[in-house]
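This document opens with one chain alone, in structure tokens, the form predicted on its own.
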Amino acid sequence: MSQDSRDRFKVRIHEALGDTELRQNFRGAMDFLTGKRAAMFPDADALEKLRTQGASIRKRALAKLPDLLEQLENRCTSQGIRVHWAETADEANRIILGIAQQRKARLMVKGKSMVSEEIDLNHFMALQGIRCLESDMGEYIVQLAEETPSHIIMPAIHKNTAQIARLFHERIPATDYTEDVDALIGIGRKVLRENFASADIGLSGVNFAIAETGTLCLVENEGNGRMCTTVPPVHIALTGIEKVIEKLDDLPPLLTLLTRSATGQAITTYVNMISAPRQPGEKDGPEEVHLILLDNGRSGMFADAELKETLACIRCGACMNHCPVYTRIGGHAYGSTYPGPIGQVLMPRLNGLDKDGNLADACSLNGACGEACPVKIPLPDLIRRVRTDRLAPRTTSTRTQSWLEKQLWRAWLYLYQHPPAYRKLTWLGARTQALIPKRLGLWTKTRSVPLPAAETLHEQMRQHQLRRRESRSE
């Protein structure tokens, strides 16, 4: 990450930490989401079994990825879906533009698609005179505010009701100020409904693409995804190449993990299964369906045995919901399409270590993301890998340690080999907190000063055991 990028990253973090309203919004939202997820998985053993099954399905799909992509293309093509391959974000944008120009399109309505955010589609199309309107309510709110999504599942999670009420009042003509949630939803729906019928193209993402049947699966709660994929005469489905799965039987376990991990629901309101454009005699559906399979750095990750595991992600957002850092700073502080733990691994591979490598520093390595991931992606290990790769160019075999560094490591080794000395040092540290400097070089540039506990763990355990003995004797 360049010095300029690092500086902007630090500025965004400090601004987020200083925004009391933002922190309250995220604290409440994350507590709510993690609570709902926990309620949906009351049996820890059952959850672990389901996670193992989900991880196995995704691992199998990735092991066969090239073959499954060819199978998906052949099956979709035979059913009338036009398949396009895009190696880069620019190529994907130009494919979509070509389709739009063939239809002389001026309005595109979009269902939720993080990949379209990844390629900056809205901005690109606007430069070509084509308007893109987000139809997911959260995405619509973010678009109205001229912002980017702060969460991959709930784009406007950083805003509270009052903020949305002010936004609608200021940006939507003839809209009275109201904080009634149902009224606000009604206002948004009214605007969107007027555009569905007149849209030339509907664009959506893809949650899972099933190679066996050539089926595109989309899950949603608002019905806007179904409107985008059936009302306009053209439907464009945009997805990363990693979203393919092998069989239809693989879908139910993944849907169970996705919906319960993302929003704490047993199942979403709508599960859309698209296998072809409108057929003769059918009353609705698009005349054309296009599937765009985007690489944009994914094949490079696929070629790396360790980073390949990142492609198993089902975009549920659970790693963000359980991340204490994300909870405190929110998604915009990362300045990237994909924030949080998954973004810390994915973005450096999509945009390069120089640009986004420092995102991995926004992590305390507490491990919560790895424990929350429904398909067992080892995110803590992968974040450490990003940190190692970022430092690799500056680390050579000729590097020598300073005298002070050698002595410090020798002292550390001695302490760990001699428990009495270790216990004495921790006892002393617990009683000399006030003497610790408030600045500790590079450590305190992004972290608080680490203060020893008032009592060592050994002391606390001895007191605990003493209390247990006393309670038994009573």
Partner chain sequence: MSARHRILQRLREAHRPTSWPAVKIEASTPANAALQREKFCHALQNAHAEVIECDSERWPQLLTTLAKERRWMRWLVGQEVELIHPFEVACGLHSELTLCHYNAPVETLDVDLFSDVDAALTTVKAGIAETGTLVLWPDEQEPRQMSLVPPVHVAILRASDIYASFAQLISKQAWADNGMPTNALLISGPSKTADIQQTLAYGAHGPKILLVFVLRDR
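Since this is a predicted model, take the numbers as computed values, not measurements. Residue numbers count along the first chain shown, from 1.
FYI, the form predicted together with the partner chain isn't displayed, but the following is about it.
**Q** 403-411, 435-443, 416-424, 59-67: which one contacts the partner chain in the predicted complex at 4.5 Å, heavy atom to heavy atom?
**A** Going by heavy atoms within 4.5 Å, the stretch is 59-67.
**Q** So which of 299, 351, 327, 175 reaches within 4.5 angstroms of the partner chain in the predicted complex, heavy atom to heavy atom?
**A** Of the candidates 299, 351, 327, 175, 299 is the one lying within 4.5 Å of the partner chain in the predicted complex.
**Q** Go through 145, 248, 312, 114 and name the one with a heavy atom inside 4.5 Å of the partner chain in the predicted complex.
**A** Among 145, 248, 312, 114, a heavy atom within 4.5 Å of the partner chain in the predicted complex occurs only for 248.
**Q** Kindly confirm or deny that 16, 94 and 120 each have some heavy atom within 4.5 angstroms of the partner chain in the predicted complex.
**A** Looking in the predicted complex, the three residues 16, 94 and 120 all stay beyond 4.5 Å of the partner chain (heavy atoms).
**Q** Consider residue 138 of the chain shown here, and say whether it contacts the partner chain in the predicted complex, taking contact as heavy atoms within 4.5 Å.
**A** Flag for residue 138 set to yes.
**Q** Is it the case that residue 193, even though its partner is missing from this view, gets within 4.5 Å of the partner chain in the predicted complex, heavy atoms only?
**A** It does: once the partner chain is placed as it appears in the predicted complex, residue 193 has a heavy atom within 4.5 Å of it.
**Q** Although the partner chain is absent from this view, report whether residue 448 comes within 4.5 Å of it in the predicted complex, heavy atoms only.
**A** Contact with the partner chain, no.
**Q** Although the partner chain is absent from this view, report whether residue 284 comes within 4.5 Å of it in the predicted complex, heavy atoms only.
**A** Residue-level check for residue 284: yes, a contact with the partner chain.
**Q** Going by the partner chain in the predicted complex, which residues of 165-195 come within 4.5 Å of it through any heavy atom?
**A** Residues within 4.5 Å: 181, 182, 184, 185, 189, 192, 193.
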